[in-house]
Structure formats: structure tokens, C-alpha cells
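So this first bit is one chain, no partners, the form predicted on its own, shown in C-alpha cells.
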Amino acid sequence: MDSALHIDHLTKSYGGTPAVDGLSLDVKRGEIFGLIGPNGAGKTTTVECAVGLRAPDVGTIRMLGLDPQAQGRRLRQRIGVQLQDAALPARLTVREAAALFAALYDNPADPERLLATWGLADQRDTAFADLSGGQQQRLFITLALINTPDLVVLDEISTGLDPEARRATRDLIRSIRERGTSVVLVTHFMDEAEALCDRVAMLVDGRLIALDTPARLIETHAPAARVQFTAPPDFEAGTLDALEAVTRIERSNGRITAYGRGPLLARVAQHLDAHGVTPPDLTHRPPTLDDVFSALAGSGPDDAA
């Protein structure tokens, strides 16, 4: 099968309010697939149904070809899961946690070797509460991979991490896929999804509003890129209109903003140089997945949350 996860018309409600509303999608084997959207979009409920922790009200789910409800025991031997609210006893050491989780599976990886692979060998006798945030996330990833899964689900794994730890976590996720494991990444960080995911499904209020590669979503839905700079008072901003990459020009308080697509920055910089203008503050802002969300949902993910 090419599908690592197949969801067809999934609906799950709590107290009459749908958390997931008619969701359908396919995750291909060997890809990093992102479930993105604001808090409360239905992402965690979707993966909890997918791994068998919750039963759908309506719909069909097949993960690695197995029914999570009817074949849960077989499925759990083949998947790894790190959920958003994961925690361990404060005094449990890294070594003890790895040994405990390894005991749950029929054919686990060597815990000591896995700790070394994920940079935790020096912390093997450290209590969970004494680990840094980044080390705790490394441990959770290690525990999710201890059965050498075919698919791993990582739910909001970067929440609460500092920028350096977030960058390190991204490298870990890439290395998981390089080892042949499919990854379902749940996140409300649009930059994380844009950097990591082969494809993303964007959810709002439990409904799918877009599904494609980040690049195609940006190309299709995001507003134009923009270049901004401060120009001399005698500079004719209208001359930028003749550039093929430019679609619109704005001038406000001495600053000029050129909107457009394609090689916008290169064209504007070349034009300014030809006119003897060297602005000290030339900046370029390309469109992002965050812009796509704003265009489709009417607000940024943090605002929607």
C-alpha cells in the first residue's frame, strides 16, 4: 500500500459540538505530513482517533492498513506516538523510561543504542524532571521510536521549546524520515510545517480548508511578496512599475513598498543600482504558509487560537 494513513469522512463530536467534521485525507508512506491549524482546530482529536485512543462517531480510518479500533494491538506494535500532553514521573530516569517502554513491545530496539543515537547517552541516569526542555523532547521521540515503528505521530512537539531546541528538534524529525519512517506532524507553528513537511492539511474548526505541498499552497493562495526600502525624496517610485516582477507600488512616510512575484528582490535591487540609489534598509519578505492561513481563514493562527 502507498497509504500510511487513510481517513475517510471522519467526524467526532463532544457534547454535540464537532471537533472534527467530515475530514478525509491520505498520508503517503515515507513522507512527513503536517496537520496544521490553530489550537482547537481538531488536530489532536484527529490523531487520537487515528491511533485508536478515541472512537470516531462517523468515518473510516486505516493506519498501515489496519483498523485502529478492531486491530489496535497489532497497530500499536507498528506505530510510535508522542502526544501533546505527554509526561513521565519526575524521578524516573532516562534509562528506566527507555527500559519500561521497550518492555511493552514484542521486538523493541536496543534501548541503550537508541539513547546513544538520539544524544541521550550522557543523560541515561538523569531524572526526567532534571532534563532540559529539549532533552525531554529527545526522550519522548526516543520512546516513540523504541519499537522501530513504520509510522510515528508527533503532536505539538515544539511547544514550549526555545528557538535553539526547536531547530534541534526539526533536525531530529528529518532524521526520522531518513530512516524510512513515515511521520505525521501535528503543529500550529506554520514555519515548522513549511520547513519540514512534504504536504500539509490545514484545519479550521474541525474542517479541512486546504491540502497540498507548502510550496504550492503558497504559490496558489498567498499574497505577493514585498520589498521595502527608504528612498531619497527625489526618487521616482513610479519607475518601478515598469519592472516585470512588480505588481503594485506603495509609498508612505518616505518608505517604498514594491509588491510582486518571481525574482522581485533581484529586479528591484538591480533597478535601484541603475538609478544610483543604495538604501540602507532594503528588506525582502517572501510569502509564507502563515500568509496562506490568513488568506484562507481570515486570521493568523495565533489570532484564531
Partner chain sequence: MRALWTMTWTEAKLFMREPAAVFFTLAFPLLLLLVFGMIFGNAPLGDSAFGSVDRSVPGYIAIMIGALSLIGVPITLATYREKGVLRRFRVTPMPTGLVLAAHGLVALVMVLIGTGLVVGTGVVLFDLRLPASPVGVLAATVLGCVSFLAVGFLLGGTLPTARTAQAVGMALFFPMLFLSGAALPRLLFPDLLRQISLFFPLTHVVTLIQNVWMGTGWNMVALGVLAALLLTSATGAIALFRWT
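Treat the numbers as computed from the prediction; the structure is a model and nothing was measured. Numbering follows the first chain given and starts at 1.
In what follows, reference is made to the form predicted together with the partner chain, a form of this protein that is not presented.
Enquirer: Report yes if any heavy atom of Val183 sits within 4.5 Å of a heavy atom of the partner chain in the model of the complex; otherwise report no.
Expert: No, Val183 is distant from the partner.
Enquirer: Does Glu178 make contact with the partner chain in the model of the complex, using a 4.5 Å heavy atom cut-off?
Expert: Looking in the model of the complex, residue contacts with the partner chain do not include Glu178, since no heavy atom lies within 4.5 Å.
Enquirer: Is the gap between Asp212 and the partner chain in the model of the complex 4.5 Å or less for some heavy atom pair?
Expert: Flag for Asp212 set to no.
Enquirer: Taking 4.5 angstroms as the cut-off for heavy atoms, does Gln135 touch the partner chain in the model of the complex?
Expert: Looking in the model of the complex, residue contacts with the partner chain do not include Gln135, since no heavy atom lies within 4.5 Å.
Enquirer: Heavy atoms within 4.5 Å of the partner chain in the model of the complex: which stretch among 204-212, 190-198, 138-146, 227-235?
Expert: Selected range: 138-146.
Enquirer: For this chain shown on its own, do Glu96, Ala99 and Pro108 all sit within 4.5 Å of the partner chain in the model of the complex, going by heavy atoms?
Expert: Each of the three qualifies.
Enquirer: Looking at Ala222, Ala168, Leu131, Leu88, which is the one with a non-hydrogen atom within 4.5 Å of the partner chain in the model of the complex?
Expert: Comparing distances to the partner chain in the model of the complex, the residue within 4.5 Å is Leu88.
Enquirer: Which residue among Val51, Ile36, Ile32, Leu264 has a heavy atom within 4.5 angstroms of the partner chain in the model of the complex?
Expert: Exactly one residue meets the criterion: Val51.
Enquirer: Which of the residues spanning 58-89 lie within 4.5 Å of the partner chain in the model of the complex, based on heavy atoms?
Expert: Contacts from 58-89: Arg73, Arg76, Gln77, Val81, Gln82, Leu83, Gln84, Asp85, Ala86, Ala87, Leu88, Pro89.
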